[in-house]
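In the form predicted on its own, a lone chain appears below as structure tokens.
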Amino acid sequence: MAVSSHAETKFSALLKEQASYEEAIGLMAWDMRTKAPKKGVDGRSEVLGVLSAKVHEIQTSEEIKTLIDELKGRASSSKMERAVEEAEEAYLRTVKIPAEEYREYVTLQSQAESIWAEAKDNNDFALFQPYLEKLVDYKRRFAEYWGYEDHKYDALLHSYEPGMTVRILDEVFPKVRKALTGLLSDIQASDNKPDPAVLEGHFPKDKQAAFSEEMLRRMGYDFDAGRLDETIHPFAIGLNQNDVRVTTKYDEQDFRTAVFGTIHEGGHALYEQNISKDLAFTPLADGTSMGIHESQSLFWENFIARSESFWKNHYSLFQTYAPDSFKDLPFHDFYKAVNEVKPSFIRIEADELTYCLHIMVRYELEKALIGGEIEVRDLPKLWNEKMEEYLGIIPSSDSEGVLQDIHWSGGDFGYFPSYALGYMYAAQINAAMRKEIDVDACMENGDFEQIRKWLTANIHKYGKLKKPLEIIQDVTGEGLNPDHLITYVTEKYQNIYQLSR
């Protein structure tokens, strides 16, 4: 029997109040990463702690628990039922963390992010180490509060990819790694390598920004509901469906950082902008998991923007923004150069083939760190050893090694595997989409509307109405299957490097 509408009204009001605090927190986080003055960090961190404590208070209140119990299994709609499920999930996880401890953790997060940026700029891991040690200690405790079956790291994975476990990753990742490292070895032995030097040269930031903005518009990103800004580490943030912001990083000596980075973050933003508006102010107005979210950004960055069909249409446009040195550069030389495979130190600048290897380095370290097998002080040395093992290169500094990513400064342990999972999901989604629409024709015609509408109809609009593995099953007809990614990179790079099949 359905419950009274009064209970649903009170429940919705609480969710809206929580969403309002979360939007304020998101806006402050965006400001701290883009515009905030350095001296304002400590004060802002305290404010974030207060606001986050309010969210914690709502999520763990007796009122929300009473309403969840009243509505569970008796809500008036499937949307309300899923909102109740999400609220209960948040309650059961959040209530296990003492409120004061959570507030201290959030304050530490904000302080650590600022210290990380300083440590990275000055190649000073020792400066960041005590903050990271405290964050790891919190995460180990949180994992114990939340509980797990096989591995403590599973409790953290659940925050980003519900249903994912160490057992699954330890089965899938070695298979992918074996395929990628084998293909990488063949490529390095090939005599038919692209010439990356053709892409070198000063490319003014304002020209890169103009081209990046044009790409976002063509993808369907709504600038009336978002903006593009510069930051040290690119990200997209959805404050609400009508305010989804993109950031990027410019390198005037390598346009690929900004162009592909902006398109990547634009994929995230399209997801957020196209979630059904009737999910607003509920826990469902978000991507269903970080893996599915990452599938959208990697789909646009790799399967679209790094494809030959994309550049057949956009190379001439690109040349109007690019320096004169690109005017006489043949199309195929350009296309092969932007798809060069070469192990690099920086994850966000990695090529398609080696990208997942970067994720595996981080996953192995995180798993061991949370499991207590290693300590924070061990990270720089172990990072370099794993980079040499998986990619055959050793960082010359901690800034291009263990300090390069922002995630640990925010306590985001368990997040990194989502990038590799997202890449696998993207390959599956790409294969499914191609059965229904002519993706190459769309790209060659510069018409992304069909692609965006397909993604919205099959993925975006649902927000969290569907769970991640439900999305993948419904869209592709199967569960997680890394074979699509292996097939994609093998076929693409066999052609580019003229490898024997």
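Numbering starts at 1 and runs along the sequence shown. As the structure is a computational prediction, the values presented were derived from the model and not from experiment.
Another form, the form predicted together with another copy of the chain, is not on view; read the next lines as being about it.
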Original post:
How about residue 150: is it within 4.5 Å of another copy of the chain in the model of the complex, going by heavy atoms?
Top reply: no
Original post:
Should residue 329 be counted as a contact of another copy of the chain in the model of the complex, where contact means heavy atoms within 4.5 Å?
Top reply: no
Original post:
Even though another copy of the chain is not shown here, does residue 312 get within 4.5 Å of it in the model of the complex, heavy atoms only?
Top reply: no
Original post:
Given that the partner is absent here, does residue 54 sit within 4.5 Å of another copy of the chain in the model of the complex, heavy atoms only?
Top reply: yes
Original post:
Quick one: of 219, 338, 239, 391, which gets a non-hydrogen atom within 4.5 angstroms of another copy of the chain in the model of the complex?
Top reply: 239
Original post:
Out of 168, 374, 198, 225, which one falls within 4.5 Å of another copy of the chain in the model of the complex, going by heavy atoms?
Top reply: 225
Original post:
Among 283-291, 314-322, 124-132, 243-251, which stretch has residues with heavy atoms no more than 4.5 Å from another copy of the chain in the model of the complex?
Top reply: 243-251
Original post:
Non-hydrogen atoms within 4.5 angstroms of another copy of the chain in the model of the complex: do 434, 441 and 446 all have one?
Top reply: no
Original post:
If you look in the model of the complex, which residues in 27-61 sit within 4.5 Å of another copy of the chain (heavy atoms)?
Top reply: 27, 28, 30, 31, 35, 36, 37, 38, 39, 40, 43, 44, 46, 47, 50, 51, 54
